[in-house]
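Shown below, as structure tokens, is a lone chain in the form predicted on its own; questions about how it binds or moves come after it.
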Amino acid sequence: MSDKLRAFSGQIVAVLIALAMGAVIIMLIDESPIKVFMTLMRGAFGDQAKIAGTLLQTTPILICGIAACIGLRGGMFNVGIEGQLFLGGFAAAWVGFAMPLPAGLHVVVAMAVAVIAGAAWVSIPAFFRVRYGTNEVVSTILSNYVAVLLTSYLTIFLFKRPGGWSETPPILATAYLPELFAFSRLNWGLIIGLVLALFVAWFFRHTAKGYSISMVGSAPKFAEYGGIDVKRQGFLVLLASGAVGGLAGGIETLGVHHRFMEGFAPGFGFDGLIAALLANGSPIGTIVTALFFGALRNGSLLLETDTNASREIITVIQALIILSVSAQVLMKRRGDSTAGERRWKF
């Protein structure tokens, strides 16, 4: 069995174990697991509106997952995608309501600023990672809280629209990301995410630069002996990962909410990271895993009306998936004689 097939089968087993444990928890609350899972399926794929809703939930998870894949391939664990998403979303909203521009150009400029904001935000932990060797997992996790609170402060105290909720003024119509269907908010962000996934997969598989990034992630000592500037490569990988995270926030603002508000995209960054881990760092595989988590999110809307289960059971299932995948990774590292020579391998 090839390494890729073995890894794929291992991830499938991890998900099945998590679902089985979730079924036990559902039975403990005196509900039928089959009924709950069928309700999830109906809520996610019951009709065209529900399918569009699932794809709408999938879009930010997919783009955040691609951001995580870029970091993982380069040996960097960017856990700050949630914060980069918030900064990117706020930056896009600011361009959307404060900078009148022609239609078409307005969307491009707003998304470009979102990308720059995400990259700029991750540049701080990236600098400390390459300059002082600090662990990017810790620094990027901490940066999430700062990003969420910073955008909340800017929204409430500097850019809050008169009256109403804690949100900025709506963006101008010229900055709207076009919708795909009249009956749903599903927009061109999905197409952007799919194209980005295909491009990143092609980049890592068929370019010299992509190969060198993967080599740094899987065998940093070997890459350094081969003449690759490992520190510079790591810095650029984190910047690219943060830029894609910022893009995810920009798409949410321009295509879904048309403004920035507190908690406008809760948990998408973390779901994207889980999706990337479950796909073993594969951008193509992340399309499938992001769809899985998008279906869980959208399908859970029916749970509290059609069953005795709470929507929070989805959070429990996601946590169980994380535990199962983490256990699998740890067991694999224990049996890998080269595990001590590298940080991550995807």
Partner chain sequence: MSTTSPAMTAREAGPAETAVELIGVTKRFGAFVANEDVSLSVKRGEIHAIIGENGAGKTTLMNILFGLLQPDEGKIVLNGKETVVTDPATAIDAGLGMVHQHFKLVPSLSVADNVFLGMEIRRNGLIDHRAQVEKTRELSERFGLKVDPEERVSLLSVGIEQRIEILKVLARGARTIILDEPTAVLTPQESRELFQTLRGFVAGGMTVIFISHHLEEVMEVSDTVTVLRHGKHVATQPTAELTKADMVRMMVGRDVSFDRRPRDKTGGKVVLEVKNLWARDDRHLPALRDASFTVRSGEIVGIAGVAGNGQTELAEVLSGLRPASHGSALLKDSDLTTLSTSAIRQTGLAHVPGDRLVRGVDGSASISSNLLMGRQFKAPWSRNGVLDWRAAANQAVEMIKRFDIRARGPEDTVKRLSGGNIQKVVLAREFTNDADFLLVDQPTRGVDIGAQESIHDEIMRQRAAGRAVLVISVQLDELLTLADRILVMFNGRIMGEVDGDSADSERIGMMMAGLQPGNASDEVAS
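Positions refer to the first chain, counted from 1. This one's a predicted model, so the numbers in the text were calculated from it and none came from an experiment.
The protein also exists as the form predicted together with the partner chain; that form is not presented, and the subsequent description refers to it.
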Check each of Ala219, Leu154, Leu236, Met99 and return the one that places a heavy atom within 4.5 angstroms of the partner chain in the predicted bound form. Ala219
Interface residue in the predicted bound form among Trp202, Trp165, Phe183, Tyr145, criterion: non-hydrogen atom within 4.5 angstroms of the partner chain: Trp202
So in the predicted bound form, is the partner chain close enough to Tyr211 to count as touching (4.5 Å, heavy atoms)? yes
Is there any non-hydrogen atom of Arg232 lying within 4.5 Å of the partner chain in the predicted bound form? no
Hey, in the predicted bound form, does Gly263 get a heavy atom within 4.5 angstroms of the partner chain? no
I'd like to know whether Leu196 contacts the partner chain in the predicted bound form, with contact meaning heavy atoms within 4.5 angstroms. no
Any idea which of 172-180, 125-133, 220-228, 111-119 reaches within 4.5 Å of the partner chain in the predicted bound form, heavy atoms considered? 220-228
